[in-house]
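There is one chain below, alone, in structure tokens, taken in the form predicted alone.
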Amino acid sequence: MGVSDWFKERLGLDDLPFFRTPDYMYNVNYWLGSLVAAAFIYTVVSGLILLLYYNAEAGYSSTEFIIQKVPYGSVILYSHLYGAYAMIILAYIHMFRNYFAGAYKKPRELLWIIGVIMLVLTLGTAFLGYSLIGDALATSAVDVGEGIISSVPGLSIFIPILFGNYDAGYYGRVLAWHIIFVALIGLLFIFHFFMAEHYGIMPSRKVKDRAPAVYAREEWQKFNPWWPRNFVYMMSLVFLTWGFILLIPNALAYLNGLPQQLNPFLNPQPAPPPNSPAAAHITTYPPWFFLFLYKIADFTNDVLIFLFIGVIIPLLYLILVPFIDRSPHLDLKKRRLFTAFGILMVTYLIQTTIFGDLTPGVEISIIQQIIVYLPPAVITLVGVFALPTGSNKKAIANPLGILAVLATSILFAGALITFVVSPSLLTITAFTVFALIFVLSIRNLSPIVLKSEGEHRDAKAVLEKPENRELKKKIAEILISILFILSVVLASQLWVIPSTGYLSNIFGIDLGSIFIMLGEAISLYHYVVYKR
């Protein structure tokens, strides 16, 4: 009995209701949830290590102690921070991918809602964890959070319960809520995982183009067993995710003198303490993942309006969309309004985040808001509804065609802004002309964006000559050997890297590189063993 069979028998894996997977689904596009889970697991493990050294009664000095004195403390702390960042980014990508795929439709409504709640908890957990650093930026972020809560009638009584005496450097409450939120994410993750396995990965629209898009039991019984192929593929993604979580922040730790606008995104090191003279020379801003909320707060002095625009309306829409979108169609062109809303949510999220980074704390008038946010809405709505219903044989799917659409979009937006700022016969004529040109260019462009599951990912296996496949497998075997040798060489050098000080982050860079090579080697192994 082999090791694989031993595990399968001892764990009873054949008896578990795990989804069997068709060949075409071994693509990262279908496994984004695994990337989120990998980032979550890494962040939890590194957080437990940090708990051994973190003193909540002295947030900033404790953080500095971990970075300066604890062996590889900065490696763990920076990668813990970026593990949370990775989890947020991947969760957004996972959610919007499923949104555009229609994965919120029957029977996955509850799976979708739990996912949305997990994203909210992730953002809250990251905010609390970011605050535990206790530097000037973290204190400012908690101040903003406290200000928002205290502005809502009746909620001030919760501030001591939520934040405690953080002004004095005591972060016991913040740490407690951080851990509670992580536990809640863990509990919901268990439900989310088993529900995802129960319904299976969302099939290609070429196979199932209507809800409920699930494989019948007699269909998926013919697919590849979960063990060990899914496990092998998943481990390749896990190692790759962990590798980048380690590699990126530890490499960024050696970047100095970043422009202020890049600091929220690329600097893993703490800012000065809140009461130091150096703190007076930095622009305070919240963590990058709340920059969009920070900017929306500049749109109005009314906290309730701010909460409705920035939090309540988007959240309610995401939770209710499975019940609002009653169409069984999964094709984006057959649910255009929801497609447009999805594009706008992504556009506004990115746009407002950059806006908040470039103009922190600067009030924005109504006219400025219209100029910034109206063009994307008009372009999206006109563009989505202008798309042809069927396939367009004359479609322009080359770079020049895409460039033409971008150019007409810019001209259309410029004409719209000019009309809003200076309404006249001339500006409305220009706006109408450019709108028509934009519509025509959209209709002439292949809906490339909508072809997320293109022909090269058809549910039918792509035919490949056996001799070509065998040659690729030979090359893959050679690459596995090279990656293994490089990993061993790099691992043998890890122990000579100083555990503290300036050079210690090289340990994180090397370890991250080893994980990436292992992930790639496992991916190649998956190809060699299972590709047919």
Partner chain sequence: MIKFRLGNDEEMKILDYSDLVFFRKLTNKMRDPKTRFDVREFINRGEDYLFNYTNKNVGGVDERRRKFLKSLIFGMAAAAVVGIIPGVSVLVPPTVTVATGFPKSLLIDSSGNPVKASSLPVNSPYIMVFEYPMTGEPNFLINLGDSSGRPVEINPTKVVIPQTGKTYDFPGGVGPNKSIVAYSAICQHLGCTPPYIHFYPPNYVNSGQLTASEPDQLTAAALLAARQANVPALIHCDCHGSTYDPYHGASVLTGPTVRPLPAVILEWDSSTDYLYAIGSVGVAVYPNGSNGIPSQDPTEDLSSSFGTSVGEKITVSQTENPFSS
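Just so it is clear, the model here is predicted, and its values are computed rather than measured. Residue numbers count along the first chain shown, from 1.
From this point on, the text means the form predicted in complex with the partner chain, which you will not see here.
Asker: So which of 201-209, 375-383, 70-78, 289-297 is the stretch with heavy atoms within 4.5 Å of the partner chain in the predicted bound form?
Answerer: Only one stretch passes the 4.5 Å heavy-atom test: 70-78.
Asker: Within 4.5 Å of the partner chain in the predicted bound form - does that hold for a heavy atom of every one of 495, 507 and 521?
Answerer: Checked in the predicted bound form: all three residues contact the partner chain.
Asker: Is it the case that residue 62, even though its partner is missing from this view, gets within 4.5 Å of the partner chain in the predicted bound form, heavy atoms only?
Answerer: Answer no; every heavy atom of residue 62 is more than 4.5 Å from the partner chain in the predicted bound form.
Asker: In the predicted bound form, does residue 487 have a heavy atom within 4.5 Å of the partner chain?
Answerer: Close contact exists here: in the predicted bound form, residue 487 approaches the partner chain to within 4.5 Å, heavy atoms only.
Asker: Given that the partner chain is not shown alongside this chain, does residue 468 nevertheless sit within 4.5 Å of it in the predicted bound form, heavy atom to heavy atom?
Answerer: Judged by the heavy-atom cut-off of 4.5 Å, residue 468 is well away from the partner chain in the predicted bound form.
Asker: If we define contact as a non-hydrogen atom of the residue within 4.5 angstroms of the partner, is residue 25 a contact of the partner chain in the predicted bound form?
Answerer: Contact check for residue 25: no, nothing within 4.5 Å of the partner chain in the predicted bound form.
Asker: For the stretch 120-137, return the residues whose heavy atoms include at least one within 4.5 Å of the partner chain in the predicted bound form, in the order they occur.
Answerer: Result: empty, none.
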